[in-house]
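Presented as structure tokens, the chain that follows is alone, the form predicted on its own.
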């Protein structure tokens, strides 16, 4: 059997870099041609023409678009993403503060959606056309059909305002802010490292509702795909042979089905995780979650394109890396892929 080589790995890395460059070009051009006025957001509407022109020159907006791009690319290669108009801080510093909140929310959501979606999809496939299968399909259809922001608003009204089972908007209650020193930026982990259980449980109380709502749409997709993969495998000869030998359903699932659908599941989970990072934008706005989505939304409202372009690049980069990792997992888990790629 041929092995996966460093040459193939180099090709994948090259494809990743080309994709990132194209994403940078598209994002930069769109950011520059949007009808926004970042100069006006800085100097104000009452600024005289000389002040306006000086600030425009300082930002480099008086240059042709291609020169602006190469200036931005040069700064980007040196790790400089520009300065945010909204906060006055380097964009990289702002993203470093906001991204852990998004990462924490999306990671918890993908854990919940996988823990529920995979067993639900496999069980539905095992009992095809039963009441359980119908139930799983309806739950999945609802998750696909109803927008996340609607679930968020209804969830806040029911579980926060009416029942008071969960915390309100934000990552934590105001009186607890700043009590835990940020080490990783992930509040749940930082509070555990600090041994502050009050902050931990307060953070859990705040994150559980947006995480569940964000997880629901991903769970619907994972359930449907897992059911489809499992149904395809249940008709294969090796499953029929295992049943003829008297293997239990648990043995068929763990010993035969899961290894054979693992390749497809890895891809589905990677896409879902990337989708959660993107979809967190809406959830963060509804729940006033101080993540990268909320940061980009506030920046977009005033035409702060340095922040918007940098945030888009970060999310795009993560999405591409997840796909890159899923491609590698594909090659590792499926020997047939190794034969084709070399």
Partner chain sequence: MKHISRRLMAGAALIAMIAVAPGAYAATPNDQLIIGTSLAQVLSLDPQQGTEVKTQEILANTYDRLIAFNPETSVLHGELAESWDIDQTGITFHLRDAKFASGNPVTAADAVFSLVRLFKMDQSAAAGLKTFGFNADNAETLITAVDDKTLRVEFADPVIPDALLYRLANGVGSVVDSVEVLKHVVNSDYGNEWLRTNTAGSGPFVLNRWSPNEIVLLEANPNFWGTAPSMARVVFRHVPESQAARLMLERGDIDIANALTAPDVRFFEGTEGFNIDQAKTGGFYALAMNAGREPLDNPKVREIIAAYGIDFAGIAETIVGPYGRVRNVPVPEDREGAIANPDWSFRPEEAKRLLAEAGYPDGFSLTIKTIAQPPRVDMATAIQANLAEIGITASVIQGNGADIVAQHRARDFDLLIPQTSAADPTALGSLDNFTNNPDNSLEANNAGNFVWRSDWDIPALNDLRVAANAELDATKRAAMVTQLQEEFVASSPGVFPMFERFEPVVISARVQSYDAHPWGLTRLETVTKGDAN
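Residue numbers count along the first chain shown, from 1. Predicted model, so just to flag it, every value in this text is computed and none were measured.
This next part talks about the form predicted together with its partner chain, which is not shown.
The stretch among 157 to 165, 253 to 261, 122 to 130, 69 to 77 whose residues place heavy atoms within 4.5 Å of its partner chain in the model of the complex is 157 to 165. By the criterion of a heavy atom within 4.5 Å, residue 153 is counted among the residues contacting its partner chain in the model of the complex. Its partner chain is not drawn, but in the model of the complex it has no heavy atom within 4.5 Å of residue 57. Though the partner is left out of this view, residue 172 does reach within 4.5 Å of its partner chain in the model of the complex, counting heavy atoms only. Taking non-hydrogen atoms only, residue 205 approaches its partner chain to within 4.5 angstroms in the model of the complex. This chain is displayed alone, yet in the model of the complex one of 267, 107, 233, 87 has a heavy atom within 4.5 Å of its partner chain; that residue is 87. If you check its partner chain in the model of the complex, you find no heavy atom from any of 14, 20 and 218 within 4.5 Å. Within 4.5 angstroms of its partner chain in the model of the complex, the stretch 39 to 67 places a non-hydrogen atom from each of 41, 42, 43, 44, 45, 46, 47, 48, 49, 51, 52, 55, 58, taken in sequence order.
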